[in-house]
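One chain follows as structure tokens, the form predicted on its own.
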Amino acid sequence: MNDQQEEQRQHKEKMQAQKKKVDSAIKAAQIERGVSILLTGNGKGKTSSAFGMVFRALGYKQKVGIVQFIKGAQESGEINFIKDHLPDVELFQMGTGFTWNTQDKAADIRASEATWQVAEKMLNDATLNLVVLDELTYMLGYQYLDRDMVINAIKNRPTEQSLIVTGRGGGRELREAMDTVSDVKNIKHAYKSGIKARKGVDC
């Protein structure tokens, strides 16, 4: 056996072991229900990842509901596309912008509570296959919404409904309530180098 053949043999053996491990993990996952996903951390891409899953769900003709906390005052390519081309997607935006822009805590709390009523209605709607609560974590961090109320609604949503929550932080209780938690880390960001946000990439 020459060196190339030996390399191929070792590679095949390694891949067979890997396949066995993957097949075993797939076989062990037999629970059939909706999943809850938290996309958190200081890095860029949390909302973009959530919308990637929205388009994935739509590719299977699933019904989707989206609530955006904080955002809505600024233009967003994803939202423009949904409004222009996907009228069947249920979409609600708080529309007040970032709380450091409004600088009005009482008004932010009222807006948060009104927006939560829409979100809670979606979390009770068994016809929705996927619900996205974008930037919800800020409402918990600023204590604009009651944490226990939010987590109970998440836990008691319809069994087949999947949920994506985005935003920095959110607290230990929220992380523990979710099935999947991804921490998006900030290694480097163009904004820190003075590069303006780019339509189609950043917004």
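Quick note: we count residues from 1 along the sequence shown, nothing fancier. Quantities reported herein were computed from a predicted structural model and do not represent experimental measurements.
Not on display, but discussed next: the form predicted in complex with a small molecule.
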query: Does every residue of 35, 56 and 158 put a non-hydrogen atom within 4.5 angstroms of the small molecule in the predicted complex?
result: no
4.5 Å heavy atom contact, residue 138 to the small molecule in the predicted complex: yes
task: Check whether residue 48 has any heavy atom within 4.5 Å of a heavy atom of the small molecule in the predicted complex, and answer yes or no.
output: yes
message: With a cut-off of 4.5 Å between heavy atoms, is residue 175 one of the residues that contacts the small molecule in the predicted complex?
response: no
The small molecule contact at residue 10 in the predicted complex, heavy atom, 4.5 Å: no
message: Quick check for you: of 57-65, 35-43, 140-148, 22-30, which stretch puts a non-hydrogen atom within 4.5 Å of the small molecule in the predicted complex?
response: 35-43
message: Exactly one residue in 18, 193, 186, 180 has a non-hydrogen atom within 4.5 Å of the small molecule in the predicted complex; which is it?
response: 186
